[in-house]
Every structure is written in structure tokens, then in C-alpha cells.
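As C-alpha cells, one chain now follows by itself in the form predicted on its own.
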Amino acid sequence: MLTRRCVALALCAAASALAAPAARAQEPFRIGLILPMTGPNSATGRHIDAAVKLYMSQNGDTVAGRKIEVIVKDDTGAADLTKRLAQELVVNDKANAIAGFGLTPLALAAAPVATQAKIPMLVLAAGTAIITEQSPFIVRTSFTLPQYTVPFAEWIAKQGSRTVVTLVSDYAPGLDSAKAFKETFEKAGGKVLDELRAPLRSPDFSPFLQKARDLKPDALFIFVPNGQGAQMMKQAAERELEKAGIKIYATGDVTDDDSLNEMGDGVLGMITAHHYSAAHKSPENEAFVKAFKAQAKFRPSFMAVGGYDGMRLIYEALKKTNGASDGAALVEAMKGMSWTSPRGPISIDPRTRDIVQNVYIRKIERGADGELYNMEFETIPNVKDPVKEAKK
């Protein structure tokens, strides 16, 4: 009797041990998506949220035996709230990864939470170069400002502009962009006459644009974050810079697809540099734009493609780990991953955990549908973040 009882107990214990991993494998993989869904940067949240939903509708909500759950939190663009939401997602919602981060201060606020919790943190929007250095668990699918500012400054110098004024928003990405532009442009033999900085919150660009006009440079280089471009370009048109012989160049954040049609004919012919346009010519992008517009009812911006690719990165990493949610293993799986995105070929630099991608020089033109588009005419392939490359 004792022998049979011992055998039965042993079998029960073995069955329980086998059942435990199986039960754990069925637990959902929870992604805390922290976005500015309201406030001045709500367009960022709207596009990324729509892209995440599109990816899941196309690829299912189960990966390697794990049900995917996305928990969206609105940080309103406030860094202190972002950090609190990240902590709540980890502690209360048992998030296995956090993602989003519409502005650099928000990403920097959440970085210590990812480090302490040892979970992946996917930066889908913010573009300051130093972000991935703030935690070994951060991986970025968006961009860095120097990534397209440096090749653009080189390109502008080749067009014959000898003097430039820079006008950027006064926060980390803007400062990144201005610094990268000046160093590159002056190395190419040009001169930056002045570096103007507009406040990030409630900006009035008029006095800065007037000062730039008074300095009479060959060109004006502009960076403002997603959502502020329409106001910038309206006020630039009022100053008639082009009539004064000043060419306007900008990063693609300024002429984002979400707000480009609000800018009117005054921006036709304007040249920008960026990593994504809804007009990008490829089968992958044509399918993406068609599906996105059908589901979201508006055309995708560069923020949308950052969210779309971020979800793919999580899905593919989970496949590599066979559904295991260990943060370090997932980040390791993400390093070096590559695929063809709607924006073109991309990969994750295994050394920096930053995205490697093409940079496109574009001109604003009217499409066959009557809308304005950033039409690409030159490609600089496989660009890494130049700030981190300089540190090698």
C-alpha cells in the first residue's frame, strides 16, 4: 500500500511539474503601450495605436503559444505621468514589455523602469540619439535625428548653399539635429550664421523666422516635432522667405503625412529628408498604406510605421524565444534582426539596439489624387546613427 501510494504521489508531482510550464506558456504576453493619446502630440498616439491594431489584425493575436494583449495608457505628453504609468503597467498589469514614447523626455522617464523590471522597452517614436544608452533593455524602431540630419547637411552643401540658419525646437531632438547639422555643414565648407531655438510648448515661430530672414542666409534648416509643422510652414509662408532668396529645408517631421495637406500650395517644391513617406514606392508600402487607410480612415505617417515595425519586432523575437518572456532573451533575439518594412530595408544594430534604415531626399509634389506628398528622388542606404558611430 505504501509503495503504491508513494508511486501515485510521485506521478502526481511529476504531472504537476509538467503542467506548470504548460500553464505558464498560456499566460498572455502583455505589452504596455504608453502614448500621448490626448494633448498637443495626440497625432503621434493616434497613428501608433492604429498601426499596432493593424499589425495584430493582419498577424493574429497569438505568437508561439502566447496570447498578445496590448494595454494602452495615455501619458498626455507628460514625463512624470509616463514614468508612473510604466511602473503601474509593470507592477499591476504584469506587462512583459513596454512600448511607445512619443517624445524624448517620456522615453527617458521610463528607461529606469525597464532596467529595474528587466523587460524590453520599444521606442516607437522618440528620436534623440542617447535614448538607447539609458537602458540595456531599450530597442528603437523609429529613428534618430542625426540619422537623417547628417546626410541631409552633406546633400545641402553639395547643392551650393554656403550659409545657413538653423531653427529647431528647444529640446533634446532639436538640439541633436542642430548640432549634427552645424558640424556636418561646416565640415563641408559652409557656415551656420545662427542657431535659433523655439520653445517646445505653445511656440510662436514668427520672431525666429523674421530673424532668419533678416540674416539673409542662402538657406534655412528647420526641425520641429510631429504636429507642429503646419503652424511652422504657415508662418514661414507669411515671411516670404523664398521670395527673399532663402531656400527652406526641413526634416520630414515638419512635413509629416498627417498634416502635410493642411500646409497648402506654399510648400510645393520644398525639399526634406526623412526615413518614411506614404508615397514610398514599394509593394510592401503600397499594401501597408492601403490596409492602414481602410482600417484607420487616414493615411499613415512615419509614427505609424514605427509602431507597425515595433510590433513585428516583438512578434519575431517571441518566435525566437519560443514564447519565453525573459527580457534579456527577448532583447538578444531582437539584435541584428532585419526585414523589409513599408519604409524599405531595416535592421536592428546589434551593438546599439538602434534602427538602421534608408534616408530619402524628397520633394513635395501633388499626387494623382490631388493630395500633397513627400516624393522621394534620392536614397542614402543603410544609415546608422552617426552619433554612436562616432563613439566607436
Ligand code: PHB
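From 1 onward, residues are counted along the sequence shown. Here the structure is a predicted model, which means the values were calculated and not measured.
Unshown form predicted in complex with the named molecule; subsequent notes refer to it.
In the predicted bound form, M303 approaches the named molecule with a heavy atom inside 4.5 Å. With a 4.5 Å cutoff on heavy atoms, F288 does not count as touching the named molecule in the predicted bound form; it lies far away. In the predicted bound form, the named molecule sits beyond 4.5 Å of every heavy atom of F185.
Using a 4.5 angstroms limit between non-hydrogen atoms, F181 is distant from the named molecule in the predicted bound form. None of 240-248, 70-78, 125-133, 318-326 except one has non-hydrogen atoms within 4.5 angstroms of the named molecule in the predicted bound form; the exception is 125-133. The partner is absent here, but in the predicted bound form a heavy atom of L145, alone among A212, A86, L145, A97, sits within 4.5 Å of the named molecule. Checking L260, M270, A219, L103 for any heavy atom within 4.5 Å of the named molecule in the predicted bound form turns up a single hit: L103. Within 4.5 Å of the named molecule in the predicted bound form, a heavy atom is found for all three of F223, N226 and D253.
Counting a residue when any of its non-hydrogen atoms is within 4.5 Å of the named molecule in the predicted bound form, the hits in 152-187 run Y171, P173.
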